[in-house]
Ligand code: PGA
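Quick setup: one chain, the form predicted on its own, written in structure tokens, and binding and motion questions come after.
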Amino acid sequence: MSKITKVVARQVFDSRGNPTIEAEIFVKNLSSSSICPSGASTGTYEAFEKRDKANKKYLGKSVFIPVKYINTVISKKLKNQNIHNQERIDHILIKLDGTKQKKKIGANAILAVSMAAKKLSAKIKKIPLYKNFLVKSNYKLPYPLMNIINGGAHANNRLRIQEFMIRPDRAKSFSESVRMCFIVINNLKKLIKQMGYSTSVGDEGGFAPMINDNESALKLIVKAINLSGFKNGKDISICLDVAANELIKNKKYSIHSKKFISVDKSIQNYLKLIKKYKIKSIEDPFGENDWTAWNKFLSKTQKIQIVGDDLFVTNLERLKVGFLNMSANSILIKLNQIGTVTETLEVIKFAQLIGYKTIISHRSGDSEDSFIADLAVGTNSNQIKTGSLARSERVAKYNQLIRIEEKLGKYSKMNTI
């Protein structure tokens, strides 16, 4: 049995330049490490991210307290545990915290350790990480939901919708899917330059031009798709992350303009956009507690992907409520929303059991850690959402998927959309 000898943690920095936790776990002289990501647009029901709010040297954002907890308490508690028993390791971490949203230790501390353990287990077994999850054969590559224009909390512009993405629906391989997106992104960059806007990027690598409204962004994307020689809605489809939690007031929404309107009017506007721009996926179209609005919307949009992020927060209890309420047909999976690998896999298994599409996702504050690329393949998840072809913390995930596809060789195939 491969027994854990120690766990070491340190404060490092994420892609937004904020402190985060890296945990390194050891079995004798072998070790693996993992870095916890951090979100900007977060749901109320997410697991808690613990920071040193009293430490003014780091503007209240340092993580020295949870790092110390890992180096002392967690390291002692996990010593001599079997590195291959992920469920046992995660159970110990969950029990140590003892709160529903992991507010005592912090999900950032717990997750960094949990991911590092999964990595080291694969390393000791001498298998690729993607082979250490749910699927043991017939691996499938996910389609990328590639962020190309940022708005909302991820950019300093006037766009209400947070993410405008493209999905290369007719790609026959992952490498081909990246190539298709690459072409559209570069043509989009040319168009933005021609308009006299900056081609600087937002937190997730998408362009963040000072565009005034959602439709202007959508028209620009359609133009870039056409310029690239593709057909919008067939070769490449537009997908949105609305992040409606940021756009709600007194049960009304300002999704489509600064004016707050009713759920029914918001749905009517969505339906117009879906038809006009052939939109195939919408994430978080309404608020995290507005179950009725979600149900109404799903009943009118059966042919497209309706994704719950803030609605479900990778939480099994909330997913079950959403399923019974017929709120969505897909779920976004973010490890740090729930806090352990074991709990994440439980959510993925249940989602796939009830026929939901699973989409593995990064966070806006991410790192060079490519764990989620292997997770997407190792769970046969339909899609992956990990930003644009910009910023190394985003590209690291795409590069890892290209490597995995190469290793699978003739057995490599794309998932269903």
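Position 1 is the first residue in the sequence shown; the rest follow in order. It should be emphasised that the depicted structure is a prediction, and the values quoted were computed from it without experimental measurement.
Not on display, but discussed next: the form predicted in complex with 2-phosphoglycolic acid (PGA).
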Among 188-196, 135-143, 97-105, 332-340, mark the stretch whose residues have heavy atoms within 4.5 Å of 2-phosphoglycolic acid (PGA) in the predicted bound form. 332-340
Decide whether N380 counts as a contact residue for 2-phosphoglycolic acid (PGA) in the predicted bound form under a heavy atom distance cut-off of 4.5 Å. no
Does any part of Q162 reach within 4.5 Å of 2-phosphoglycolic acid (PGA) in the predicted bound form? Heavy atoms only, please. yes
Wondering, does S370 line up within 4.5 Å of 2-phosphoglycolic acid (PGA) in the predicted bound form on heavy atoms? no
Determine whether any heavy atom of S364 comes within 4.5 Å of a heavy atom of 2-phosphoglycolic acid (PGA) in the predicted bound form, and answer yes or no. yes
Can you pick the one in S41, S32, Q352, S62 that has a heavy atom within 4.5 Å of 2-phosphoglycolic acid (PGA) in the predicted bound form? S41
Where, within 100-115, is there a heavy atom within 4.5 Å of 2-phosphoglycolic acid (PGA) in the predicted bound form? Residue list please. none
